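The chain below stands alone, shown as structure tokens; this is the form predicted on its own.
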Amino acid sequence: MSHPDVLVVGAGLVGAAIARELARAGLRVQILEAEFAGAGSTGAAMGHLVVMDDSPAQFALCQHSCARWREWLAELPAAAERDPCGTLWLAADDEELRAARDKLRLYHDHGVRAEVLDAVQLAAAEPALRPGLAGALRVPDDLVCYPPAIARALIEDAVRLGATLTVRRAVALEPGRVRCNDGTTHAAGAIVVATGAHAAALLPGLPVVPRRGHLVITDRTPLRVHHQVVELGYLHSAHTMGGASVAFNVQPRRTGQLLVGSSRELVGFDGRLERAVLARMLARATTFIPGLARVPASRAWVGFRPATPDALPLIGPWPGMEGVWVATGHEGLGITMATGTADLIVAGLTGAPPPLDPFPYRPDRPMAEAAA
């Protein structure tokens, strides 16, 4: 293919979703990936498909994306590890339980199934949790999945539909073309940059920075967790852009393991494991699930979330260079928002009606208040 319609840079889950949907729309697609599908943040992610409500724009994209995921997952192989376990947002006290009821009203107003559990109902739903919690908001349609396998499957689908996959590292963008580390250049009618936290290296001035996060996965264990369980304080932690923060988040895995998170810190691309941060994260987890203290850890790792000043992704045309589109900045919601991001990019490139208002996600939107 000498001149594709669209060149997608990056084969993480966001890039893979975009490439597959562009190929489905009949466009000629080339995918440029430095290593392999899911090698970056996708391979380090927890894999939650969750409706988050930190802002109306975030809620709208999450809700649309999760609905699309339920369609997509029905077509994907078993390796995707689709688990419709739902999410429990844990309320530690009466104040947090009132916040859970506020979230319940918002979810119901927008057609998202949810219910509030009291302390007794919560203990029955998740016996491994410590006693004394006030209750929880249960969102039964949230899911857990295995992102690297999904990224690979989407790339394979795209190739079957006529896309080409080129293993090269993009090092610079020029009008209408991408230059790679081996000196080759690849031209296209449009270029979509979907390289996560690394996107600013190709597009100086793009308001996205890496935010390091630690995760731990346990050995297989008889300790059972039936939902994804998250503390309500997680939302505050997720959008505090200061020093290192930790919050409780545990997922059950189909392997019988438990995935334990999470931390957030702005340290650039420093990929070292920080034992002090891991210790804080695990101590936080054991305050909610005491039995975790007796479960051996199998592995710990870090990944880099692409963060923006206003906690919303960058999806749309980049005004600094004609023909360049951006799909990054999803922070911890890149797995959830991959489907909706693909829909917005495809609509923008084909002229189709967008599935939701694209303005809140435009890369050139005002961010002065958030940046200040």
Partner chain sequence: MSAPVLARRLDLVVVGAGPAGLAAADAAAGVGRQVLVLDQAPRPGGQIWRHRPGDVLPVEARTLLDRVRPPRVAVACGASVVDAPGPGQLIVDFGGRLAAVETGAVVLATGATERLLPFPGWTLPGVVGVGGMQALLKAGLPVAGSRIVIAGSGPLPWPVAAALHHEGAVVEEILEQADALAVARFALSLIGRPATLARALRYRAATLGIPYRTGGWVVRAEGTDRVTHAVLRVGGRERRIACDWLATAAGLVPRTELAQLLGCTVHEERIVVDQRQATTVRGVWAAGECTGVAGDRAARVEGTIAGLAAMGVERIPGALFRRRDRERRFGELLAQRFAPRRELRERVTAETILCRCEDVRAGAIDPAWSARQAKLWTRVGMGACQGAVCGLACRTLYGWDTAVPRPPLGQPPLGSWARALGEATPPSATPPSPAPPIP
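Positions refer to the first chain, counted from 1. The structure presented is a predicted model; accordingly, all values stated were derived computationally and were not measured.
Omitted here: the form predicted in complex with its partner chain. The next part is about that form.
- Comparing 120-128, 196-204, 85-93, 276-284 against its partner chain in the predicted complex, the single stretch with non-hydrogen atoms within 4.5 angstroms of it is 276-284.
- The listed set L73, L133, C180, L292 contains one residue whose heavy atoms approach its partner chain in the predicted complex to within 4.5 Å, identified as L292.
- Checked against its partner chain in the predicted complex, the residues C145, V260, L154, L137 give one hit for a heavy atom within 4.5 Å, which is V260.
- Proximity of P296 to its partner chain in the predicted complex falls within the 4.5 Å heavy atom cutoff.
- Its partner chain in the predicted complex is not approached by E265, whose heavy atoms all lie more than 4.5 angstroms from it.
- G43 belongs to the set of residues with a heavy atom inside 4.5 Å of its partner chain in the predicted complex.
- In the predicted complex, S245 stays away from its partner chain, with no heavy atom inside 4.5 Å.
- Along 299-314, these residues reach a heavy atom to within 4.5 Å of its partner chain in the predicted complex: R299, A300, W301.
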